[in-house]
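Heads up, the chain below is alone and in the form predicted on its own; it's given as structure tokens.
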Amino acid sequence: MTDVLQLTGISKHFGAIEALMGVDLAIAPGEVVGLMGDNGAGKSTLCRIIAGRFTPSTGTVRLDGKEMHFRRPSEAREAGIEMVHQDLALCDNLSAALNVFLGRELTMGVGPLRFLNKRAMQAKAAELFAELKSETRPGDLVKQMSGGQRQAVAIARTRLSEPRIVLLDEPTAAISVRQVAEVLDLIRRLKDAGIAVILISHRTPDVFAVCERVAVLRRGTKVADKPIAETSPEEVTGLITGAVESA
């Protein structure tokens, strides 16, 4: 299967600080890749480059073999790349449906007189939650939701643009065991829809539960990129800490 995303020789410098050094990474449609590493390893920087928030100092980003030069996140989104940040960027005082459509609201009216089409947004949000097999209800306020339901809202929001690649930054951090299971199921739904997923996580059990491959960064360098079936949690932990040099 042809890779949907190919990163070649990606480096990123912030002044004298080298955040990434010559990182290669590829992902196919419907593949889930775990991206692991200690704090400061370069995981979020790499994903922000993919999502158009940063431009690489050197290296190339290709979609379907075509070199891309994203200058802003909106360009990456138009190309089919969505990122769910760890803070989720949800508005607690709004409903699930309004959060799904935040910044992309559906309106109705005549000429300059436009009104929010809440009924259409609720219907579409309900459809997206059904596709994700989430129990989240469109009319519920986000402030009343569990961590797993909040993730469902954030992931449903990525589905509005029919993305090809979704980047998830620590989606299972600070939530209960039951909610972790819900989020992992959401990731499986994205995979079933043929969407490529990059999962940034510190949680080795989660990566081994849903990913086909794991890539490990240490101090800005990729030290491993291998199938889950060919590694172990112990080896990955060693790669993250430096007890294992590379694999």
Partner chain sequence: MSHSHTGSAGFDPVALAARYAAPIFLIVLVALFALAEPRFMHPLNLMNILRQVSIMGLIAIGMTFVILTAGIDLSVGSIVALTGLVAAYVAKGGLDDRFAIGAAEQAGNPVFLAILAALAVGALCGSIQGAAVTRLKVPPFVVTLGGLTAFRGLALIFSGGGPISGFSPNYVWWGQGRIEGVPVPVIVFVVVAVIAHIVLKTTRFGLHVYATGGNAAAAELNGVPVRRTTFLVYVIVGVLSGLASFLLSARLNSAEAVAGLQLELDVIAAVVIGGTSLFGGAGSIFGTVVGVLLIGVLRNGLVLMNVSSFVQQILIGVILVLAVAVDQRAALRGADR
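The term rigid core refers to the most C-alpha atoms you can superpose between the two forms while keeping them within 1.5 Å. All of these numbers come straight from a predicted model, not from anything done at the bench. Positions refer to the first chain, counted from 1.
What comes next is about the form predicted in complex with its partner chain, which is not displayed.
Chemist: Verify the flagged residues 77, 85 and 102 against its partner chain in the predicted complex: is each one within 4.5 Å by a non-hydrogen atom?
Modeler: Yes: each residue has a heavy atom within 4.5 Å of the partner.
Chemist: Just give me the single entry in 189, 62, 53, 202 that has a non-hydrogen atom within 4.5 angstroms of its partner chain in the predicted complex.
Modeler: Filtering the options by heavy-atom distance leaves 53.
Chemist: Would you mind picking the one in 89, 173, 123, 130 that has a heavy atom within 4.5 Å of its partner chain in the predicted complex?
Modeler: For this set of options, the contacting one is 89.
Chemist: Taking any heavy atom pair closer than or equal to 4.5 Å as contact, tell me whether residue 157 reaches its partner chain in the predicted complex.
Modeler: Output for residue 157 is yes: heavy atoms within 4.5 Å of its partner chain.
Chemist: Please tell me whether any heavy atom belonging to residue 144 falls inside 4.5 Å of a heavy atom of its partner chain, as the geometry stands in the predicted complex.
Modeler: Answer yes; at least one heavy atom of residue 144 falls within 4.5 Å of its partner chain in the predicted complex.
Chemist: Since only the chain is shown here, I'm wondering whether residue 167 would be in contact with its partner chain in the predicted complex (any heavy atom pair within 4.5 Å).
Modeler: Because no heavy atom of residue 167 falls inside 4.5 Å of its partner chain in the predicted complex, the answer is no.
Chemist: Going by a heavy atom distance of 4.5 Å, is residue 107 a contact of its partner chain in the predicted complex?
Modeler: Residue-level check for residue 107: yes, a contact with its partner chain.
Chemist: Can you tell me which bits of 86-101 touch its partner chain in the predicted complex, meaning any heavy atom within 4.5 Å?
Modeler: Contacts from 86-101: 89, 90, 91, 93, 94, 95, 98.
Chemist: Do you see a C-alpha shift of 2 Å or more at residue 164 between this form and the one not shown, with the core held fixed?
Modeler: Residue 164 C-alpha, core-superposed: shift of less than 2 Å.
Chemist: Does residue 114 move appreciably between this form and the one not shown, meaning a CA displacement of 2 Å or more on the superposed rigid core?
Modeler: The answer is yes; the displacement is at least 2 Å.
Chemist: How does the CA gap of residue 184 and residue 144 change in the predicted complex versus this form, closer or farther, if it moves 3 angstroms or more?
Modeler: Farther apart in the predicted complex, by 3 Å or more.
Chemist: Flagged pair residue 93/residue 53: C-alpha distance shifts by 3 angstroms or more in the predicted complex. Which direction, closer or farther?
Modeler: It is closer: in the predicted complex, the C-alpha atoms of residue 93 and residue 53 lie at least 3 Å nearer than they do here.
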